[in-house]
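What follows are structure tokens for two forms of the same protein chain, given separately as structure 1 and structure 2.
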Structure 1
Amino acid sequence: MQRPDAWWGREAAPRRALVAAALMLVALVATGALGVAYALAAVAVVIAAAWIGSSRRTLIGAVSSLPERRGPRIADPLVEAVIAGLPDPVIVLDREGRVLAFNTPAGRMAPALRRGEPASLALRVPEIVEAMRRAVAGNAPQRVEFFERVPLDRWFAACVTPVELAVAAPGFERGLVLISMQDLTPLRRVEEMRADFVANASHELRTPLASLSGFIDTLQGPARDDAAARERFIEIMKGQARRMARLIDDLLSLSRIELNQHLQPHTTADVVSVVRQVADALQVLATERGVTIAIKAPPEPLVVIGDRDELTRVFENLIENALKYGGGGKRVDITLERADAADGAGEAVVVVRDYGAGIPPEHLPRLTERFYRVDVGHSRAEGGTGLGLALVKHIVTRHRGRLTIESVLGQGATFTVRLPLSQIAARAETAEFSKA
């Protein structure tokens, strides 16, 4: 049954217009103002117009009632939100290579990126452009690595992945292209360090081995019956063997410390006691070099959270270096004191200063690198392995301390070690010291 407003509602407007036109034409024919043929033609035109208008409104209503199909657009909030949470540079393109969206790391890496513009204009990396072409043509992911020299040497890996959309959208029937990049620079740096380390270690071991092999051949040949030469060569061979043993010991120690560098020691040690013990052990070397070791320390102990053996290794290296390379000043001063750290906690400060020739400023930043030497010949002549200061640095870092190096040419060098104090152990040992 029709609704009461079926003939008078908005949907019945074409029917009302048709009825009104028919009544008007009947009146005109009855009065003789219009012929029957013309009246029939006019009725046909009105009917056609009414039908076309009704069909158009029906079509518009049907289209508007369809569910909206939404596809990715430039600066789409959903796409932006997803890629913004990714730590690596990510760029979203259409299949024509135009930029739809990119995250902040990508913007920092390629400041020229602009939404709606071809990505090739901003990236200017032939490897990526070629990978995009292959990915779109073959509809398969592509991975490439590339190298940049400006502003610094950096290595990257880029993955170009075609993405098929679950629902087709106008302009995106062919899907999207996702470019993600990863910074390989830290991995490459580690690989270079590993290669350099192996090369340096091999070279340091090869030199004493060559000496040993040469002297053995000599003793088995021309010096077989020369007692004086035999004694002299054997002494040299013993020195080379000690050098190799020390190098291997340093390599093993460095490897062990690096392995446990993230673990802070859980024992305690008195830095004053450790330094005095090391100075006493090196007194023979100081006497041979004619160097005086002067120690200035507080009467109370300076107790830190640390491994006593490792701390002994630290101050052995620092004091021995001062005696060997700064011995020309004929004096080595060692100062120990308590200081307040930036965070309010106390720290033990140990300063080892020599008065030798000093260290050129260009060498200071690299002194703690493995096998780095200011004077290679002098270092080897003194029996150095090139690993001493690297060991010091790693041990101090494991103890959550700091190492600083200062030097002025002609005025010697100063090595300062700062270690956090153990407050509980320090109070207990201070009480015992006071009772004694």
Structure 2
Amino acid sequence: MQRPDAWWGREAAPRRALVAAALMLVALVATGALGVAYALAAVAVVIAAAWIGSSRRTLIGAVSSLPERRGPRIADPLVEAVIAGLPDPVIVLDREGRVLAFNTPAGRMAPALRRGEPASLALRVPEIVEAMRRAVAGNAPQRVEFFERVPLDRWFAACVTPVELAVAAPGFERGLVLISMQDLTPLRRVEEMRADFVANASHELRTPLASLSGFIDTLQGPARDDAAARERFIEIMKGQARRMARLIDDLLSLSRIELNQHLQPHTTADVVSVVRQVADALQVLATERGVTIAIKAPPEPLVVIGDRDELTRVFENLIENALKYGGGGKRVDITLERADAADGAGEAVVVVRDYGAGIPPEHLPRLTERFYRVDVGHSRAEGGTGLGLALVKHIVTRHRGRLTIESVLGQGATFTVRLPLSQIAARAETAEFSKA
């Protein structure tokens, strides 16, 4: 049975109009008011009008369904969930380059990203836009690297991959484009550091080497028969050879310590005795510079898990630096004490304080970089290699300790080393105490 709507509903109005028009025409022809030819023409006009009306409705229907197909472009919840779990920036686009979804890292990297808008508006990286075009045109993944200067110098790699969904997801077409980015900055920094390191090390070695070969030429030539000049030049050559040896020594120590950085030492050492020994050995230099070294230490040992030789290098470097660069203050204070670390465990705190010229604040964060010096000329004149504080930092890190540097320009510098106390030694000490 036909549903009443098929005839009486709104949708059936054209059909009713058509039937009514046909009946009227039949009546007009029958009464002789209208010729048959006119009547047929009128029928054709009515049919055409009804057809246009219905196809217009189809057209309007299609347009009004567009927002549903094109319009608020949101990705499938599964896609959203998957990209939300990825640590790198990821953006999902349609083939026209409009954003369908993106994760938080992508939003952080390009805050102007908006769903439904062209990604090129927010990314503004010509390399990516071009890669998107190539990826869609050739239906093949594209990888590009690019560099951003603002707000910070950063390098990225972007992979633009066309993806074909097995089934059309409701809301958008099957062809998608996936942009995933990778921050290459840490990798590039390491590469740069390695290149800088090689350049610096060769430069540091080439300088004394050039001086040595210069003196050799002079001794073989103009100064061949000058006994006094020979003595003087040989002394200088000895100094340069010592500098080269020290540099090679420091480089080797640094690479050895870096290699073992993850391995905590398994021996113990008393920092009080290490510091006293180093200060004694540097007494000659202190006297030469007219500097007084004052040590304040507890009567009991401060035993840490540590390599005695490496800890000796740490305090040698810090006290020698205080004498060389801070000697102008004529006094170096060394304080040792036991303290409680944030986690409640005990630690040995060693403070080396001088009253010299101090260090400008902009240099403080970079002092522990290899070959970094505030004043290269001063360091060279003091026989420095620029590796001392880098060594100190690596050794302290290996010992699971911390190094802090503070300075007020014109008032000297303070280097503080914190090292975790050996728990075994602490327990033995407590046992001794309770026995007593």
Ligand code: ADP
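Numbers follow structure 1, counted from its first residue as 1. Here the structure is a predicted model, which means the values were calculated and not measured. Between two forms, the rigid core is the largest collection of C-alphas that superpose within 1.5 Å.
- Between the two copies of this chain, it is structure 2 that is the form predicted in complex with the ligand.
- Residue 330 shows a C-alpha shift of 2 Å or greater between the two structures [criterion: core-superposed Cα displacement of 2 Å].
- Superposition on the rigid core between the two structures places the CA atom of residue 126 less than 2 Å from its counterpart.
- Per-residue C-alpha deviation between the two structures, core superposed: residue 360, 2.5 Å.
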